[in-house]
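Let's start with one chain on its own, the form predicted alone, as C-alpha coordinates.
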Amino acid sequence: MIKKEAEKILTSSAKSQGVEDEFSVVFSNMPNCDFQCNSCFSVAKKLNTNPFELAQKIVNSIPSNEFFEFSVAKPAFINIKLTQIGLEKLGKEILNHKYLKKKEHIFIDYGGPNLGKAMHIGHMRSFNIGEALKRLYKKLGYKVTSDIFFGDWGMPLGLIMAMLEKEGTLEKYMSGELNLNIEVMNEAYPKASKLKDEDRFFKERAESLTLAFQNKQEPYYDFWKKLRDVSVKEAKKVCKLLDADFDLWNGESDAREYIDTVINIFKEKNLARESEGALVVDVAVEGEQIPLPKKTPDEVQRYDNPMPPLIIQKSNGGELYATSDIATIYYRNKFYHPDILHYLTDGRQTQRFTQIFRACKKAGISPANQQLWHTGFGTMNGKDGKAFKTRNGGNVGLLDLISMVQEKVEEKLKQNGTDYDNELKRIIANSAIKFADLSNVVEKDYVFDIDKFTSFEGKTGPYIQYTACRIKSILNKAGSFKENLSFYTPEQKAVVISMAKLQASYETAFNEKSLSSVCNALYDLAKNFSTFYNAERIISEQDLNKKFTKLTLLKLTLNEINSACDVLAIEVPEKM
(Lines give C-alpha, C1' and ligand atoms only; values in the text may rest on other atoms or scores of the structure.)
Protein backbone atom coordinates (compact mmCIF):
# COMPACT_ATOMS: atom_id res chain seq x y z
CA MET A 1 0.00 0.00 0.00
CA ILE A 2 2.84 2.41 0.73
CA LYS A 3 4.13 1.91 -2.82
CA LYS A 4 0.68 2.83 -4.14
CA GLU A 5 0.73 5.90 -1.92
CA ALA A 6 3.94 7.02 -3.65
CA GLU A 7 2.30 6.42 -7.05
CA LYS A 8 -0.69 8.50 -5.98
CA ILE A 9 1.56 11.40 -4.92
CA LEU A 10 3.49 11.37 -8.20
CA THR A 11 0.36 11.09 -10.35
CA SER A 12 -1.27 13.96 -8.45
CA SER A 13 1.83 16.12 -8.82
CA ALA A 14 2.00 15.38 -12.54
CA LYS A 15 -1.65 16.37 -12.97
CA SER A 16 -0.94 19.67 -11.23
CA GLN A 17 1.55 20.28 -14.04
CA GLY A 18 -0.92 19.37 -16.77
CA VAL A 19 0.22 15.77 -17.24
CA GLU A 20 -2.69 13.28 -17.16
CA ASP A 21 -0.70 10.01 -17.22
CA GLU A 22 -0.57 7.52 -14.35
CA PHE A 23 2.87 7.13 -12.75
CA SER A 24 4.07 3.73 -11.50
CA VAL A 25 6.61 2.94 -8.78
CA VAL A 26 8.86 -0.11 -8.47
CA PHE A 27 11.34 -1.33 -5.87
CA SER A 28 14.86 -0.05 -6.46
CA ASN A 29 18.23 -1.77 -6.12
CA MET A 30 20.11 1.53 -6.16
CA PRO A 31 21.96 2.66 -3.00
CA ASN A 32 20.14 5.21 -0.80
CA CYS A 33 16.94 4.58 -2.73
CA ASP A 34 14.02 2.36 -1.75
CA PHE A 35 11.70 2.86 -4.73
CA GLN A 36 11.99 4.47 -8.12
CA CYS A 37 9.72 5.77 -10.85
CA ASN A 38 10.73 5.34 -14.50
CA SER A 39 7.53 6.72 -16.03
CA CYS A 40 9.06 10.03 -17.16
CA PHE A 41 10.84 8.34 -20.06
CA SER A 42 7.64 7.12 -21.78
CA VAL A 43 5.55 10.15 -20.78
CA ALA A 44 8.14 12.64 -22.04
CA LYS A 45 8.38 10.82 -25.35
CA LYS A 46 4.62 11.03 -25.78
CA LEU A 47 4.62 14.74 -24.85
CA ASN A 48 7.72 15.43 -26.95
CA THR A 49 9.53 17.02 -24.01
CA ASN A 50 12.78 16.52 -22.12
CA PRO A 51 12.37 13.59 -19.65
CA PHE A 52 14.86 14.94 -17.08
CA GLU A 53 13.19 18.35 -17.03
CA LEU A 54 9.78 16.66 -16.70
CA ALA A 55 11.00 14.62 -13.72
CA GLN A 56 12.39 17.74 -12.03
CA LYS A 57 9.16 19.62 -12.66
CA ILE A 58 7.08 16.86 -11.06
CA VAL A 59 9.34 16.41 -8.01
CA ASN A 60 9.61 20.16 -7.38
CA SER A 61 5.80 20.43 -7.25
CA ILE A 62 5.35 17.65 -4.67
CA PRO A 63 4.14 19.06 -1.32
CA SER A 64 6.09 18.21 1.82
CA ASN A 65 5.46 14.57 2.76
CA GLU A 66 6.17 12.70 6.01
CA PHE A 67 6.60 9.28 4.39
CA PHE A 68 8.92 9.89 1.41
CA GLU A 69 11.88 11.89 0.15
CA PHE A 70 11.76 12.43 -3.64
CA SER A 71 14.76 13.28 -5.82
CA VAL A 72 15.72 13.15 -9.51
CA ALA A 73 18.68 11.27 -10.99
CA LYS A 74 19.81 11.41 -14.60
CA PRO A 75 18.75 10.58 -17.14
CA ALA A 76 15.19 10.82 -15.74
CA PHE A 77 14.71 8.58 -12.72
CA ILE A 78 12.60 9.73 -9.79
CA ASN A 79 14.18 8.20 -6.69
CA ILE A 80 12.07 7.64 -3.58
CA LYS A 81 13.48 7.11 -0.11
CA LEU A 82 11.40 6.20 2.93
CA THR A 83 11.57 8.50 5.93
CA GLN A 84 11.71 7.04 9.44
CA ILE A 85 7.92 7.47 9.68
CA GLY A 86 7.52 5.86 6.27
CA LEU A 87 9.62 2.88 7.35
CA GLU A 88 7.44 2.41 10.45
CA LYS A 89 4.34 2.63 8.26
CA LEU A 90 5.76 -0.06 5.97
CA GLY A 91 6.49 -2.27 8.99
CA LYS A 92 2.87 -1.92 10.16
CA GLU A 93 1.61 -2.79 6.68
CA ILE A 94 3.77 -5.92 6.60
CA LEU A 95 2.56 -6.92 10.07
CA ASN A 96 -1.13 -6.38 9.29
CA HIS A 97 -1.26 -7.30 5.60
CA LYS A 98 -4.28 -9.38 4.57
CA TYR A 99 -5.26 -10.70 1.15
CA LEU A 100 -8.82 -10.02 0.08
CA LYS A 101 -11.11 -12.91 -0.83
CA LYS A 102 -11.62 -13.28 -4.58
CA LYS A 103 -14.83 -14.39 -6.26
CA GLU A 104 -13.07 -16.48 -8.89
CA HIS A 105 -12.79 -20.26 -8.61
CA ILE A 106 -9.58 -21.78 -10.01
CA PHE A 107 -9.56 -25.50 -10.85
CA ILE A 108 -5.94 -26.67 -11.14
CA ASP A 109 -4.88 -29.97 -12.74
CA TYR A 110 -1.33 -31.19 -12.03
CA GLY A 111 0.59 -34.37 -11.28
CA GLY A 112 -1.09 -36.57 -13.87
CA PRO A 113 0.88 -39.83 -13.55
CA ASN A 114 -0.09 -42.78 -15.70
CA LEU A 115 -1.10 -45.69 -13.49
CA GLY A 116 0.91 -48.86 -13.91
CA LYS A 117 4.18 -46.96 -14.43
CA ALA A 118 6.64 -45.92 -11.75
CA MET A 119 6.66 -42.12 -11.39
CA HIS A 120 9.73 -40.31 -12.72
CA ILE A 121 11.38 -36.90 -12.23
CA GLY A 122 9.01 -35.27 -14.73
CA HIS A 123 6.21 -35.91 -12.27
CA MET A 124 8.30 -34.24 -9.55
CA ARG A 125 8.24 -30.94 -11.44
CA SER A 126 4.50 -31.17 -11.95
CA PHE A 127 3.89 -31.92 -8.27
CA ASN A 128 6.24 -29.17 -7.04
CA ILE A 129 5.05 -26.40 -9.34
CA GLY A 130 1.38 -27.35 -9.20
CA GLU A 131 1.30 -27.63 -5.42
CA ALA A 132 3.00 -24.25 -5.03
CA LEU A 133 0.67 -22.55 -7.51
CA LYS A 134 -2.35 -24.05 -5.74
CA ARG A 135 -1.11 -22.69 -2.41
CA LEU A 136 -0.32 -19.33 -4.00
CA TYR A 137 -3.85 -19.02 -5.38
CA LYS A 138 -5.29 -19.82 -1.96
CA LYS A 139 -3.01 -17.26 -0.30
CA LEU A 140 -4.17 -14.60 -2.75
CA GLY A 141 -7.77 -15.31 -1.81
CA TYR A 142 -9.04 -17.52 -4.65
CA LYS A 143 -11.27 -20.53 -4.20
CA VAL A 144 -9.21 -23.48 -5.44
CA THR A 145 -9.97 -27.08 -6.39
CA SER A 146 -7.06 -29.39 -7.23
CA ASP A 147 -7.11 -32.69 -9.12
CA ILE A 148 -4.19 -35.06 -9.75
CA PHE A 149 -6.03 -36.58 -12.77
CA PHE A 150 -4.48 -40.00 -13.29
CA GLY A 151 -3.90 -41.60 -16.65
CA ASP A 152 -5.92 -44.66 -15.61
CA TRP A 153 -7.83 -45.69 -18.74
CA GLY A 154 -5.17 -46.46 -21.28
CA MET A 155 -2.90 -49.25 -22.44
CA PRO A 156 -0.35 -49.34 -19.56
CA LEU A 157 -2.78 -51.28 -17.38
CA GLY A 158 -3.68 -53.53 -20.32
CA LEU A 159 0.03 -54.25 -20.80
CA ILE A 160 0.36 -55.28 -17.15
CA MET A 161 -2.60 -57.64 -17.51
CA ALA A 162 -1.09 -59.13 -20.66
CA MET A 163 2.29 -59.70 -18.99
CA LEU A 164 0.74 -61.35 -15.93
CA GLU A 165 -1.33 -63.52 -18.26
CA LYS A 166 1.79 -64.50 -20.22
CA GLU A 167 3.54 -65.41 -16.97
CA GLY A 168 0.52 -67.48 -15.91
CA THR A 169 -0.32 -65.45 -12.79
CA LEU A 170 -3.18 -63.22 -13.97
CA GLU A 171 -5.99 -65.48 -12.74
CA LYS A 172 -4.27 -65.92 -9.38
CA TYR A 173 -4.01 -62.15 -8.91
CA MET A 174 -7.62 -61.75 -10.04
CA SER A 175 -8.86 -64.30 -7.54
CA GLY A 176 -6.72 -62.94 -4.72
CA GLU A 177 -4.67 -66.12 -4.44
CA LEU A 178 -1.62 -63.92 -5.04
CA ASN A 179 -1.27 -60.53 -3.39
CA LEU A 180 -1.26 -57.63 -5.85
CA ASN A 181 1.09 -54.78 -4.91
CA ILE A 182 2.96 -51.95 -6.58
CA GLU A 183 6.15 -54.02 -6.87
CA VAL A 184 4.31 -56.55 -9.04
CA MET A 185 3.09 -53.76 -11.32
CA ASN A 186 6.48 -52.02 -11.46
CA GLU A 187 8.11 -55.27 -12.48
CA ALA A 188 5.49 -56.26 -15.05
CA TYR A 189 5.13 -52.96 -16.91
CA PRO A 190 8.74 -52.46 -18.16
CA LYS A 191 8.87 -56.04 -19.44
CA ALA A 192 5.50 -55.64 -21.15
CA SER A 193 6.43 -52.29 -22.66
CA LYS A 194 9.56 -53.78 -24.19
CA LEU A 195 7.82 -56.94 -25.41
CA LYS A 196 5.04 -55.08 -27.22
CA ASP A 197 7.66 -53.58 -29.54
CA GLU A 198 9.07 -57.01 -30.30
CA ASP A 199 5.95 -59.21 -30.42
CA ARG A 200 2.92 -57.92 -32.32
CA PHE A 201 0.73 -60.74 -30.98
CA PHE A 202 1.53 -59.69 -27.42
CA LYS A 203 0.73 -56.08 -28.32
CA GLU A 204 -2.58 -57.12 -29.86
CA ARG A 205 -3.45 -59.09 -26.71
CA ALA A 206 -2.64 -56.07 -24.53
CA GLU A 207 -4.86 -53.94 -26.75
CA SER A 208 -7.71 -56.44 -26.48
CA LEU A 209 -7.40 -56.56 -22.68
CA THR A 210 -7.39 -52.77 -22.59
CA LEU A 211 -10.57 -52.73 -24.67
CA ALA A 212 -12.07 -55.36 -22.36
CA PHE A 213 -11.78 -53.31 -19.18
CA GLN A 214 -12.77 -50.13 -21.06
CA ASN A 215 -15.98 -51.95 -22.07
CA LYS A 216 -16.37 -52.98 -18.40
CA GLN A 217 -16.06 -56.64 -19.35
CA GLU A 218 -15.57 -58.91 -16.35
CA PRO A 219 -13.35 -60.10 -14.78
CA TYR A 220 -11.02 -57.58 -16.42
CA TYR A 221 -12.91 -54.48 -15.32
CA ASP A 222 -12.90 -55.65 -11.70
CA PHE A 223 -9.15 -56.34 -11.91
CA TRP A 224 -8.62 -52.89 -13.47
CA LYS A 225 -10.21 -51.44 -10.32
CA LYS A 226 -7.74 -53.42 -8.20
CA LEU A 227 -4.81 -52.16 -10.27
CA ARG A 228 -6.10 -48.61 -9.93
CA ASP A 229 -6.60 -48.86 -6.16
CA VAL A 230 -3.05 -50.15 -5.62
CA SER A 231 -1.60 -47.42 -7.86
CA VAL A 232 -3.57 -44.60 -6.22
CA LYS A 233 -2.54 -45.80 -2.76
CA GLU A 234 1.11 -45.73 -3.82
CA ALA A 235 0.72 -42.31 -5.46
CA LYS A 236 -0.66 -40.90 -2.21
CA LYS A 237 2.45 -42.13 -0.37
CA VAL A 238 4.72 -40.36 -2.88
CA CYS A 239 2.64 -37.18 -2.68
CA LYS A 240 2.94 -37.23 1.09
CA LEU A 241 6.72 -37.42 0.77
CA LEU A 242 6.59 -34.25 -1.35
CA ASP A 243 4.00 -32.52 0.87
CA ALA A 244 1.52 -32.46 -2.03
CA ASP A 245 -2.18 -33.11 -1.60
CA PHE A 246 -5.30 -32.97 -3.77
CA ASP A 247 -8.98 -32.29 -3.33
CA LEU A 248 -9.75 -34.85 -6.04
CA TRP A 249 -7.98 -38.04 -7.05
CA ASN A 250 -9.84 -38.49 -10.33
CA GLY A 251 -8.63 -39.81 -13.66
CA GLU A 252 -9.49 -40.35 -17.30
CA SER A 253 -11.99 -43.02 -16.29
CA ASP A 254 -14.13 -40.36 -14.59
CA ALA A 255 -14.51 -38.47 -17.87
CA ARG A 256 -15.13 -41.48 -20.10
CA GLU A 257 -18.93 -41.44 -19.86
CA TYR A 258 -18.96 -37.93 -21.38
CA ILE A 259 -16.89 -38.73 -24.47
CA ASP A 260 -19.89 -39.60 -26.66
CA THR A 261 -21.61 -36.45 -25.39
CA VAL A 262 -18.80 -34.11 -26.45
CA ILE A 263 -18.33 -35.83 -29.82
CA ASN A 264 -22.05 -35.34 -30.50
CA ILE A 265 -21.74 -31.65 -29.57
CA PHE A 266 -19.09 -31.18 -32.27
CA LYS A 267 -21.21 -33.09 -34.78
CA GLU A 268 -24.43 -31.22 -33.98
CA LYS A 269 -22.70 -27.87 -34.34
CA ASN A 270 -21.09 -28.95 -37.65
CA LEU A 271 -17.63 -28.42 -36.18
CA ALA A 272 -16.38 -31.95 -36.89
CA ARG A 273 -15.42 -33.28 -40.30
CA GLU A 274 -14.13 -36.59 -41.56
CA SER A 275 -10.48 -36.87 -42.58
CA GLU A 276 -9.14 -40.23 -43.77
CA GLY A 277 -11.86 -41.94 -41.74
CA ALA A 278 -11.06 -40.03 -38.53
CA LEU A 279 -13.15 -37.25 -37.02
CA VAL A 280 -11.32 -33.93 -36.73
CA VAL A 281 -12.03 -30.36 -35.63
CA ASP A 282 -10.32 -27.43 -37.36
CA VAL A 283 -8.77 -25.18 -34.71
CA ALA A 284 -6.44 -22.98 -36.80
CA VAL A 285 -7.07 -19.25 -36.61
CA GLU A 286 -6.37 -16.51 -39.09
CA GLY A 287 -2.67 -16.41 -39.88
CA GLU A 288 -2.17 -20.14 -39.39
CA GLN A 289 -2.42 -22.89 -41.98
CA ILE A 290 -1.15 -20.58 -44.72
CA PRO A 291 -0.43 -22.80 -47.76
CA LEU A 292 3.08 -22.50 -49.21
CA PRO A 293 3.53 -22.55 -53.01
CA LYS A 294 4.18 -26.00 -54.43
CA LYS A 295 7.32 -26.53 -56.48
CA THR A 296 5.60 -29.31 -58.43
CA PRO A 297 1.90 -30.25 -58.73
CA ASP A 298 2.56 -33.60 -57.06
CA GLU A 299 4.33 -32.14 -54.03
CA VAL A 300 2.62 -32.57 -50.64
CA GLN A 301 0.97 -29.32 -49.58
CA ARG A 302 2.96 -27.62 -46.84
CA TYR A 303 1.92 -24.77 -44.57
CA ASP A 304 3.51 -21.81 -42.86
CA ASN A 305 3.09 -21.89 -39.05
CA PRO A 306 0.69 -24.85 -39.21
CA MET A 307 -1.84 -25.58 -36.49
CA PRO A 308 -3.13 -29.02 -37.41
CA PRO A 309 -6.75 -30.01 -36.84
CA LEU A 310 -7.56 -31.80 -33.59
CA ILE A 311 -8.45 -35.48 -33.98
CA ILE A 312 -11.33 -36.34 -31.63
CA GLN A 313 -12.05 -39.88 -32.87
CA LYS A 314 -9.86 -42.44 -34.63
CA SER A 315 -10.89 -44.01 -37.91
CA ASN A 316 -11.74 -47.23 -36.00
CA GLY A 317 -13.92 -45.30 -33.57
CA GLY A 318 -11.28 -45.42 -30.82
CA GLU A 319 -10.76 -42.77 -28.16
CA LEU A 320 -7.84 -40.36 -27.90
CA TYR A 321 -6.25 -38.44 -25.03
CA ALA A 322 -7.53 -35.20 -26.57
CA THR A 323 -11.12 -36.47 -26.54
CA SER A 324 -10.72 -37.51 -22.92
CA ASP A 325 -9.36 -34.05 -22.04
CA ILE A 326 -12.31 -32.35 -23.73
CA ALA A 327 -14.72 -34.64 -21.91
CA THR A 328 -12.92 -33.76 -18.67
CA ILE A 329 -13.43 -30.04 -19.26
CA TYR A 330 -17.08 -30.80 -19.95
CA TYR A 331 -17.66 -32.67 -16.68
CA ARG A 332 -15.60 -30.22 -14.62
CA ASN A 333 -17.80 -27.42 -15.89
CA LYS A 334 -20.89 -29.53 -15.29
CA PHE A 335 -20.08 -30.23 -11.62
CA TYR A 336 -17.59 -27.57 -10.43
CA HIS A 337 -18.25 -24.48 -12.59
CA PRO A 338 -14.74 -23.00 -12.32
CA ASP A 339 -13.97 -19.50 -13.60
CA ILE A 340 -10.46 -20.63 -14.51
CA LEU A 341 -9.14 -24.04 -15.54
CA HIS A 342 -5.36 -24.32 -15.13
CA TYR A 343 -3.43 -27.28 -16.54
CA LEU A 344 0.22 -27.97 -15.71
CA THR A 345 2.16 -30.42 -17.89
CA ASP A 346 5.44 -30.98 -19.67
CA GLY A 347 6.10 -28.13 -22.10
CA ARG A 348 5.95 -30.50 -25.06
CA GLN A 349 2.16 -30.65 -24.68
CA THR A 350 1.66 -26.93 -25.31
CA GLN A 351 0.32 -27.31 -28.85
CA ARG A 352 -2.07 -30.09 -27.82
CA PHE A 353 -3.62 -27.94 -25.12
CA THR A 354 -3.87 -25.00 -27.51
CA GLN A 355 -5.89 -27.26 -29.84
CA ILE A 356 -8.06 -28.59 -27.01
CA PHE A 357 -8.81 -25.13 -25.61
CA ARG A 358 -9.73 -23.74 -29.03
CA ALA A 359 -11.99 -26.72 -29.75
CA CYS A 360 -13.77 -26.32 -26.40
CA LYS A 361 -14.34 -22.60 -27.02
CA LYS A 362 -15.70 -23.22 -30.53
CA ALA A 363 -18.13 -25.84 -29.25
CA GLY A 364 -19.21 -23.89 -26.17
CA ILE A 365 -17.93 -26.68 -23.93
CA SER A 366 -15.93 -23.96 -22.23
CA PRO A 367 -18.08 -20.84 -21.62
CA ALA A 368 -16.96 -17.64 -23.32
CA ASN A 369 -16.04 -15.98 -20.00
CA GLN A 370 -14.06 -18.96 -18.68
CA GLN A 371 -10.27 -18.67 -18.74
CA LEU A 372 -8.28 -21.71 -19.88
CA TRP A 373 -4.61 -21.72 -18.85
CA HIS A 374 -1.82 -24.13 -19.70
CA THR A 375 1.63 -23.92 -18.14
CA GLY A 376 4.31 -26.09 -19.72
CA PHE A 377 7.43 -26.77 -17.65
CA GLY A 378 10.96 -27.55 -18.80
CA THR A 379 13.07 -30.60 -17.96
CA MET A 380 15.46 -31.27 -15.10
CA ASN A 381 18.94 -32.21 -16.30
CA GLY A 382 22.21 -33.41 -14.81
CA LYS A 383 25.43 -31.40 -14.59
CA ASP A 384 26.28 -32.44 -18.16
CA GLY A 385 23.11 -30.73 -19.40
CA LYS A 386 21.59 -34.06 -20.38
CA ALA A 387 18.68 -35.95 -18.84
CA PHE A 388 19.29 -36.64 -15.15
CA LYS A 389 20.55 -40.21 -14.57
CA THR A 390 21.20 -42.49 -11.61
CA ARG A 391 24.75 -43.35 -10.58
CA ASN A 392 24.63 -46.49 -12.73
CA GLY A 393 23.37 -44.53 -15.75
CA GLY A 394 19.74 -45.58 -15.58
CA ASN A 395 16.63 -43.43 -15.76
CA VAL A 396 15.79 -41.74 -12.50
CA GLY A 397 12.52 -42.66 -10.84
CA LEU A 398 10.90 -40.12 -8.56
CA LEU A 399 11.47 -42.24 -5.46
CA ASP A 400 15.08 -42.81 -6.58
CA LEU A 401 15.66 -39.05 -6.74
CA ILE A 402 14.13 -38.47 -3.31
CA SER A 403 16.32 -41.24 -1.88
CA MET A 404 19.47 -39.79 -3.50
CA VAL A 405 18.80 -36.35 -2.04
CA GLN A 406 18.00 -37.75 1.40
CA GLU A 407 21.32 -39.63 1.39
CA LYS A 408 23.18 -36.42 0.57
CA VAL A 409 21.31 -34.52 3.31
CA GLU A 410 22.24 -37.24 5.79
CA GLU A 411 25.91 -36.77 4.87
CA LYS A 412 25.64 -33.02 5.50
CA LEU A 413 23.90 -33.50 8.85
CA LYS A 414 26.59 -35.93 10.00
CA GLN A 415 29.33 -33.52 8.89
CA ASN A 416 27.68 -30.74 10.91
CA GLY A 417 27.30 -32.98 13.97
CA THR A 418 23.52 -32.42 13.96
CA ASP A 419 21.18 -34.79 15.76
CA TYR A 420 18.56 -35.95 13.27
CA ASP A 421 15.90 -38.53 12.58
CA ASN A 422 14.33 -39.72 9.32
CA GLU A 423 11.64 -37.04 9.45
CA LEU A 424 14.15 -34.18 9.70
CA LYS A 425 16.14 -35.76 6.87
CA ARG A 426 12.97 -35.89 4.73
CA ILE A 427 11.99 -32.30 5.52
CA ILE A 428 15.42 -30.91 4.59
CA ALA A 429 15.69 -33.06 1.45
CA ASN A 430 12.22 -31.93 0.43
CA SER A 431 13.25 -28.28 0.78
CA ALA A 432 16.38 -28.88 -1.31
CA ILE A 433 14.33 -30.46 -4.10
CA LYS A 434 11.53 -27.91 -4.09
CA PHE A 435 13.60 -24.74 -3.77
CA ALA A 436 15.96 -25.91 -6.53
CA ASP A 437 13.01 -26.69 -8.78
CA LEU A 438 10.89 -23.61 -8.05
CA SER A 439 13.79 -21.12 -8.17
CA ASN A 440 13.92 -21.57 -11.93
CA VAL A 441 11.57 -19.98 -14.44
CA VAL A 442 8.98 -22.67 -14.96
CA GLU A 443 9.29 -22.95 -18.75
CA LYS A 444 13.08 -23.34 -18.69
CA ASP A 445 15.20 -26.49 -18.39
CA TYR A 446 17.58 -26.49 -15.46
CA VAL A 447 20.52 -28.43 -14.04
CA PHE A 448 19.97 -30.30 -10.78
CA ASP A 449 23.19 -30.25 -8.74
CA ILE A 450 22.65 -32.35 -5.61
CA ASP A 451 25.76 -31.07 -3.81
CA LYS A 452 24.86 -27.45 -4.47
CA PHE A 453 21.15 -27.69 -3.68
CA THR A 454 21.61 -29.59 -0.39
CA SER A 455 24.09 -27.03 0.96
CA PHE A 456 23.17 -25.16 4.14
CA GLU A 457 24.67 -22.03 2.60
CA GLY A 458 23.82 -20.04 -0.51
CA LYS A 459 20.59 -19.93 -2.47
CA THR A 460 19.10 -23.22 -1.28
CA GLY A 461 16.10 -24.55 0.59
CA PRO A 462 18.18 -25.77 3.56
CA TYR A 463 19.67 -22.26 3.92
CA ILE A 464 16.17 -20.79 4.15
CA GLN A 465 15.21 -23.40 6.75
CA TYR A 466 18.40 -22.79 8.72
CA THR A 467 17.70 -19.04 8.79
CA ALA A 468 14.21 -19.65 10.15
CA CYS A 469 15.52 -22.09 12.78
CA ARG A 470 18.11 -19.55 13.93
CA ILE A 471 15.38 -16.93 14.37
CA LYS A 472 13.21 -19.40 16.30
CA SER A 473 16.12 -20.13 18.64
CA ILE A 474 16.70 -16.42 19.39
CA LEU A 475 13.02 -15.72 19.97
CA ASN A 476 12.75 -18.70 22.32
CA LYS A 477 15.69 -17.38 24.34
CA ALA A 478 14.26 -13.86 24.41
CA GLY A 479 10.84 -14.80 25.76
CA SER A 480 8.02 -12.23 25.72
CA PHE A 481 8.63 -8.66 24.56
CA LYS A 482 6.76 -5.54 23.53
CA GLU A 483 6.58 -5.02 19.76
CA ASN A 484 8.38 -1.92 18.49
CA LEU A 485 8.33 -0.97 14.79
CA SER A 486 10.84 1.92 15.09
CA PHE A 487 13.48 0.44 12.77
CA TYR A 488 16.50 2.71 12.49
CA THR A 489 19.69 1.07 11.15
CA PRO A 490 20.46 0.47 7.44
CA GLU A 491 20.60 -3.30 8.10
CA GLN A 492 17.16 -3.27 9.71
CA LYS A 493 15.76 -1.18 6.90
CA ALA A 494 17.13 -3.62 4.30
CA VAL A 495 15.29 -6.47 6.03
CA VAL A 496 12.00 -4.52 6.10
CA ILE A 497 12.29 -3.65 2.40
CA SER A 498 13.06 -7.32 1.64
CA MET A 499 9.86 -8.36 3.39
CA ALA A 500 7.88 -5.87 1.31
CA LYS A 501 9.49 -7.26 -1.85
CA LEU A 502 8.58 -10.79 -0.78
CA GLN A 503 4.95 -9.82 -0.31
CA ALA A 504 4.97 -8.13 -3.73
CA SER A 505 6.50 -11.24 -5.33
CA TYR A 506 3.28 -13.23 -4.88
CA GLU A 507 1.47 -11.07 -7.42
CA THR A 508 4.41 -11.43 -9.81
CA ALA A 509 4.32 -15.20 -9.36
CA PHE A 510 0.59 -15.21 -10.09
CA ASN A 511 1.07 -13.25 -13.31
CA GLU A 512 4.01 -15.36 -14.46
CA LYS A 513 2.61 -18.72 -13.24
CA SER A 514 6.12 -19.34 -11.90
CA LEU A 515 7.43 -19.30 -8.33
CA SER A 516 10.93 -18.06 -9.18
CA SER A 517 10.14 -14.50 -8.05
CA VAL A 518 9.03 -15.79 -4.63
CA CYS A 519 12.18 -17.92 -4.25
CA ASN A 520 14.42 -15.00 -5.22
CA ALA A 521 12.69 -12.61 -2.83
CA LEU A 522 12.76 -15.20 -0.03
CA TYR A 523 16.49 -15.73 -0.49
CA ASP A 524 17.11 -11.97 -0.48
CA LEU A 525 15.20 -11.69 2.79
CA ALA A 526 17.24 -14.50 4.38
CA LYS A 527 20.48 -12.97 3.10
CA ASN A 528 19.64 -9.47 4.38
CA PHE A 529 18.57 -10.93 7.70
CA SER A 530 21.94 -12.66 7.98
CA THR A 531 23.70 -9.33 7.35
CA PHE A 532 21.62 -7.70 10.09
CA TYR A 533 22.20 -10.64 12.47
CA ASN A 534 25.98 -10.46 12.00
CA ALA A 535 26.08 -6.66 12.40
CA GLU A 536 24.00 -6.16 15.53
CA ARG A 537 23.66 -7.55 19.04
CA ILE A 538 20.20 -8.87 19.83
CA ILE A 539 19.86 -10.83 23.08
CA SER A 540 22.71 -8.88 24.72
CA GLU A 541 21.33 -5.47 23.64
CA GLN A 542 21.04 -3.30 26.79
CA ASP A 543 18.73 -0.62 25.39
CA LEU A 544 15.27 -2.17 25.79
CA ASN A 545 13.66 -0.10 23.02
CA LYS A 546 16.39 -1.17 20.59
CA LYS A 547 16.20 -4.76 21.79
CA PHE A 548 12.41 -4.86 21.30
CA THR A 549 12.84 -3.33 17.83
CA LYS A 550 15.27 -6.08 16.87
CA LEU A 551 13.09 -8.82 18.31
CA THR A 552 10.08 -7.38 16.47
CA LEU A 553 12.11 -7.51 13.27
CA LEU A 554 12.93 -11.16 13.97
CA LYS A 555 9.26 -11.96 14.56
CA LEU A 556 8.20 -10.26 11.32
CA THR A 557 10.97 -11.99 9.37
CA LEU A 558 10.04 -15.41 10.72
CA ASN A 559 6.38 -14.81 9.87
CA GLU A 560 7.26 -13.89 6.28
CA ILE A 561 9.66 -16.83 5.85
CA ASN A 562 7.06 -19.24 7.22
CA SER A 563 4.40 -17.75 4.96
CA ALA A 564 6.57 -18.04 1.84
CA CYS A 565 7.71 -21.56 2.73
CA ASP A 566 4.07 -22.58 3.15
CA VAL A 567 3.39 -21.38 -0.41
CA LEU A 568 6.38 -23.37 -1.67
CA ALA A 569 5.24 -26.44 0.34
CA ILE A 570 8.49 -26.35 2.32
CA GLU A 571 8.21 -27.25 5.99
CA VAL A 572 10.31 -25.33 8.51
CA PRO A 573 11.67 -27.62 11.26
CA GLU A 574 12.06 -26.54 14.87
CA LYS A 575 15.82 -26.89 14.72
CA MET A 576 18.58 -28.15 12.44
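Sequential numbering from 1, following the sequence displayed. Small disclaimer: the values here were computed from a predicted structure and weren't measured.
There is another form of this protein, the form predicted in complex with a small molecule, and it is not shown here; the text below is about that form.
query: Would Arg302 count as touching the small molecule in the predicted complex under a 4.5 Å heavy atom rule?
result: No, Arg302 stays farther than 4.5 Å from the small molecule in the predicted complex.
- request: Would you check, heavy atoms only and a 4.5 Å threshold, whether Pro156 touches the small molecule in the predicted complex?
  value: Contact with the small molecule, no.
task: Indicate whether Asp325 is a 4.5 Å heavy atom neighbour of the small molecule in the predicted complex.
output: Result yes; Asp325 sits at the interface with the small molecule in the predicted complex.
message: At 4.5 Å between heavy atoms, is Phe353 in contact with the small molecule in the predicted complex?
response: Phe353: contacts the small molecule in the predicted complex.
field: Residue among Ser439, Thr375, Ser455, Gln349 with a heavy atom within 4.5 Å of the small molecule in the predicted complex
entry: Here the answer is residue option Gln349.
query: From the list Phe487, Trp224, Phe448, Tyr343, which entry has a heavy atom within 4.5 Å of the small molecule in the predicted complex?
result: Exactly one residue meets the criterion: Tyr343.
query: Going by heavy atoms within 4.5 Å, which of 402-410, 109-117, 133-141, 283-291 lines up against the small molecule in the predicted complex?
result: Comparing against the small molecule in the predicted complex, the contact stretch is 109-117.
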